[in-house]
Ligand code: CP
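Next up is one chain by itself, shown in structure tokens, the form predicted alone.
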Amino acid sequence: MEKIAPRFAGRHLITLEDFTKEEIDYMLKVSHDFKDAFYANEKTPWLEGKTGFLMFFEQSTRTRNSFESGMAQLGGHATFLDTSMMQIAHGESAKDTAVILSSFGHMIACRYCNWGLGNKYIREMAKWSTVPIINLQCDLYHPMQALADLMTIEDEFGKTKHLKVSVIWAMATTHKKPISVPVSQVLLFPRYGIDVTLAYPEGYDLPDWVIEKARKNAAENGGSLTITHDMDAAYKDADVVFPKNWGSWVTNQSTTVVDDALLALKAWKCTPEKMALAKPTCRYMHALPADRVNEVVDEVIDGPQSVVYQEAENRIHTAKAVMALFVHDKLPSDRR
């Protein structure tokens, strides 16, 4: 395993699709190492003297703080950059931003979720940056969330193969959310032999190329992908459920958040009755923040089957693993 470690140095992390399963395994292994060290109160100064820049076009709680705190725990310094306060707001190009920031430090991490713009912008920065670019979520991918989700499933079940994991659309009115979380999940989970069920109402499709690649990943790794518009079928006998909203960006690029079509889908909500269809050991997961009014009721998200806080905590351990692997030229020892 240690032989693959140098492969990470200096690379960009835009999507987990760019990495082999062995490399993702190693990311997870190092995540568990850092989690063990955190609970043992061990110092982990792997990025001492290193500087990273955290660029955010949108709001963030878990992503920003997992990277900012994680960098501090690794002995480095993270600078938070609100892009509305940068010259980006006056039209400075992705090239100029990437060239300059990469000359100042050792990593640039960016969140930019605008449909049709975010992934293109991050890839343009990667073209010019001399240090790793880390995707903190764009319009297409959220690799850090998917990595923490997979780590949490491993924590809860000790395995991934042949688990039924259902990614289920849920109604929300807070904002028109990106598709990046479900896209990253349906691409990653089948690579671990997981039987994924993707459930959504008509009009909330994911891109065809995502479905084609997810089916290919499943065929190569013993997983499966089932698509349904029947919410109950997704909950039936599930081991893990991810009831979460995403916007209808593929079929409707309007930025309108609430319309009559959305309001007609109030039944797409996670309730105790829906959870009763799943296995008694089923775990409720969510990337957070959850729309407690519409996506899920308090009885579920605050109940014994919910592991949303464990899932959120794993964000810092995966963040530290990624930063240590991609930014540092030496890696944590193989402790597991």
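Predicted, not measured: the structure shown is a model, and the values here were computed from it. Numbering starts at 1 and follows the sequence shown.
Although it is not shown, the form predicted together with phosphoric acid mono(formamide)ester (CP) is what the next lines describe.
Annotated contacts: 59, 111 and 315 all touch phosphoric acid mono(formamide)ester (CP) in the model of the complex [non-hydrogen atom within 4.5 angstroms]. In the model of the complex, phosphoric acid mono(formamide)ester (CP) lies within 4.5 Å of some heavy atom of residue 63. In the model of the complex, phosphoric acid mono(formamide)ester (CP) lies farther than 4.5 Å from every heavy atom of residue 303. At the 4.5 Å threshold, heavy atoms of residue 287 reach phosphoric acid mono(formamide)ester (CP) in the model of the complex.
When phosphoric acid mono(formamide)ester (CP) is considered in the model of the complex, residue 217 lies well away from it, no heavy atom lying within 4.5 Å.
Only one listed stretch (24-32, 273-281, 47-55, 287-295) carries heavy atoms within 4.5 Å of phosphoric acid mono(formamide)ester (CP) in the model of the complex, and that stretch is 287-295. Only one of the listed residues (197, 160, 129, 145) places a non-hydrogen atom within 4.5 angstroms of phosphoric acid mono(formamide)ester (CP) in the model of the complex, and that residue is 145.
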